[in-house]
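Just the one chain here, the form predicted on its own, laid out as structure tokens.
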């Protein structure tokens, strides 16, 4: 990989001049793969994409970097993540969703804000090194905002909100407004702030409606965990199960009455004026045809998290049905506490295997569709497709390079198939966001990953006590 390493180092060029990055393959996503292609970049914007010789002729004075036997593609858009939970990976690997939620609460309480800052930095650095250039980050402690800024990635940072007691709703809403104002002041140029009412079992109907109104008032996007598990469906439909009993007791909400609603979680939220094009539903595993139709008619987007859903025993979301309904869908890794690693190659591979296996049909999802979902699909789900998700003139220069020199890539017949069936996060050797290289020669340029890893190992000791 010597040539690629040397070229990646050379690509770390500042200034406002034209830079050209070429490779054996360029995947614009919105058009056919380009064999022996190149991308021309000026500042933070893509100027041109096409065959290498044409781009060289168009910009003869440009600085040129040749990545040789590589695939250049848009940076991955991770629609749903929890960076601040990176230190919890591998801790609760063999529990179903309900017990996992309760045990996870116990583990969360062991850490300080400083610990969460370290954990968020660990998660953000993993995003950069694995080719994730944009995250839809759901923040509990708020420490992800700093980590995202230091790492240099693009984000919508959603602040989580909780509350089942409507008697406390006015105070909770006022506190949320104040917090959102603080986050707006702290965020960097590549970050938007959003709101994340946590879930149907942690947020009351009235609070959901109030948050939706607040989001529209502030012009913010918002999202929620929805229809993730059978336990959630039981909670909404019949008022029973572990979320109605053990979980509410654990968080101190057992004094509140909970009436069964007799509907699905999707139908439940539909009653409270939550849905619209600025709303993203995360998971949607336990949905029926009427639910899918309701989400599609209101242009709700979906973050599909195949690995996390499978690992926690939640099930398989009906991705093919979402796509047939015209819903905007992107992939999410979810939390490292549930999916262990933030590897979008793993999400693509898990999705294509699960959905083909469940349908017993190899035509149900293609490798090209998976790459599209991991890039432009995610951008559409987050409402950012005008800026990112594909390699096109005028869009932001968010791109990555994947090394193809290893044996598991040889021979390459289709670059999409090679990425989905053969690649993993370790094959990424270059990451750029807004024209700024963040990762080159497999070295992080914005984060001291060795220092962060050492501190994370210290934090881990608290979780084993």
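Residue numbers count along the first chain shown, from 1. Quantities reported herein were computed from a predicted structural model and do not represent experimental measurements.
This protein has a second form, the form predicted in complex with another copy of the chain, left out of what is shown; the following refers to that one.
At a distance threshold of 4.5 angstroms between non-hydrogen atoms, residue 453 is in contact with another copy of the chain in the model of the complex. Using a 4.5 angstroms limit between non-hydrogen atoms, residue 325 is distant from another copy of the chain in the model of the complex. In the model of the complex, none of the heavy atoms of residue 334 sits within 4.5 Å of a heavy atom of another copy of the chain. Not displayed here, another copy of the chain is kept clear of residue 110 by more than 4.5 Å at the level of heavy atoms in the model of the complex.
Note on the partner interface in the model of the complex: the residue among 253, 353, 162, 272 having a heavy atom within 4.5 angstroms of another copy of the chain is 353. Proximity to another copy of the chain in the model of the complex, taken as a non-hydrogen atom within 4.5 angstroms, holds for one residue of 299, 166, 181, 95, which is 95. Per the 4.5 Å heavy atom criterion, another copy of the chain in the model of the complex is contacted by stretch 418 to 426, the sole one of 36 to 44, 418 to 426, 59 to 67, 393 to 401. Taking another copy of the chain as positioned in the model of the complex, the residues of 71 to 96 that bring a heavy atom within 4.5 Å of it are, in sequence order, 86, 87, 88, 89, 90, 91, 93, 94, 95, 96.
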